[in-house]
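Before any questions on how it binds or moves, here is one chain, the form predicted on its own, in C-alpha cells.
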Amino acid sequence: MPQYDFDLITLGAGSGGVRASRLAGGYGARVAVVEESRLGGTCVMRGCVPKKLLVYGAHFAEDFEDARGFGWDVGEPTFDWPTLIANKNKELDRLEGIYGRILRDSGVNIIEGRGKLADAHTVEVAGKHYTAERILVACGGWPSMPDVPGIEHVITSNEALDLPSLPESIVIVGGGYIAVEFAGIFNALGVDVTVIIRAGNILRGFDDDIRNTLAAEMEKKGITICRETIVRSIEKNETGYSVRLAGSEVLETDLVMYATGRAPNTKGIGLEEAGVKLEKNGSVCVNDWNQSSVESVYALGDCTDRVQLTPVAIAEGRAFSETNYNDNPIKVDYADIPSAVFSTPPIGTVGLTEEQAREKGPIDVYISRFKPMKHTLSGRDETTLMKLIVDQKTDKVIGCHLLGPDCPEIAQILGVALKCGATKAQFDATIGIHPTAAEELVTMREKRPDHGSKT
C-alpha cells in the first residue's frame, strides 16, 4: 500500500472544492487544498455574491423613484460608486475569512499557489511536490473571449466588479445571463448601455416567452440591443473606444465589456500530461461518480462543464466526499435544477422550456402577464410574467418560468414541487396567499390556445 502525504489534494478553493474538502476532512481524511487566488472561488469572489450586491445597489435607483408614488419625498438622491465597491470588497474579505476558518476547523491544510499535476498522485506547487491517494480538480472556469482585433482593450465581468469609476457609456458584447445582469446594473446607475448579440435574441436556452419579455423590459428601460450583429474590431481613441460592427457602423463608447461565455480553467495544470481526458473545450471528462479517465483523479464544478451553477458544484462536492470518505455512495441528480438570472427584472426558472417540453410530447401551457401590485402606485411600467408547462398525459408540472420582482425566491420553492412530481391539479388545490405575485401560480385556470411550437 503506497504512502502519500495526503488522502486528498483539491485543486481550487471555490464552492465545490471547499465543500468536498471540508467534508472529507470532517470524515477523517488528510486533506490539502491548493489555491492560487482567493478562497471562495468564482461565486464568492468574482461572480454570484459581488454581482448580486451590485444588483442590490443599482436597484435603489428605481426604489427612490417608486417611493414618490407612496408619499415619500426623498429629494434628489446621489450615488457614489467607490463607496459601493469598497463596501462590497469589505464583505468579500469577511467571507474569505469564513471560508478559511471552515477549512481549518475541518483539519484541511491550505497551500497557496498554482497547483499542477506532476503525475496521477502528485501535485506540484511552487517547486514543491505533494502526493495524495486522490486528486480532485475543482479549478472552475474563466471568461473566454474571441479572437477579435483590439480584444486586449476590453474588460470582462472580473474587471467590471472593481471599476475605479462608472463610465458614461458601455458596450456589452454577449447575450447570456452575465451580459444581461451587468446591463441592468449599469443601466440603473445611469450608464448608457448597448448590448450586442450575434443571435436574434438574448438568453439562448431559456424559455422564449421569458427571453422576449425580458428583452422588451430592457429596451423599455433604455438599453439598446443590437441583434444579429458581429463586432469586427475595437480601437482605443482619445475619448474611449470605437467598436466597428459588421458593415460600416461604428459605436463610440467609454468602455467595452465582453460576456461571451466562460471556459474550463484547466489549461496548463498538467491534466493531459497525466493522462486525464479532456473535451475540446478543455473540460474534464468524468463519469457519474466525478471520476476522470485516470482512476485517482476526480473533477467537479465548472471545469467539467456539466451544469455551471454554484449549488451544483456544492452538491457534486458533497457527493464526492460522501462516496469516497463516508461509505455513502451518492450521485447528483441533474434534473429540475432551479436557477435564476438577476436581470432587471429578475428571472426564476425550473424544469423544461416550452420548446423542450414539446419535443417530449403533448403539453398544456398556462401563462399570466400582469403589472406588479407595487407599481399600481409607483406608476412604473413593468410586466411580471408567470408560466407553467404541464404534461398532458400525467398532469405533472414540468416547467415553471417566472419574470418579475422576487421571482428567483419563488423559483426555489417551485423546485421542491417539481422534484416531488407535483401535478397541475395539486397546484390548483393549493390556496394562494393574497395579495402576492406567487398566488398566480395556483390560480391559473385557462390554458393558452395551442399554436404548436411557436410561442
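The structure presented is a predicted model; accordingly, all values stated were derived computationally and were not measured. Numbering starts at 1 and follows the sequence shown.
The same protein also has a form predicted in complex with a small molecule, omitted here; what follows describes it.
Among heavy atoms of Gln308, some come within 4.5 Å of the small molecule in the predicted complex.
In the predicted complex, Ala259 approaches the small molecule with a heavy atom inside 4.5 Å. When the small molecule is considered in the predicted complex, Ala340 lines it closely, a heavy atom lying within 4.5 Å. In the predicted complex, no heavy atom of Tyr325 sits within 4.5 Å of the small molecule. Proximity to the small molecule in the predicted complex, defined as a heavy atom within 4.5 Å, holds among Ala199, Ile151, Leu95, Ile102 only for Ala199. Between the options Gly175, Gly317, Pro345, Gly115, the residue in contact with the small molecule in the predicted complex by a heavy atom within 4.5 angstroms is Gly175. Heavy atoms within 4.5 Å of the small molecule in the predicted complex map, among the stretches 264 to 272, 199 to 207, 367 to 375, 77 to 85, onto 199 to 207 alone.
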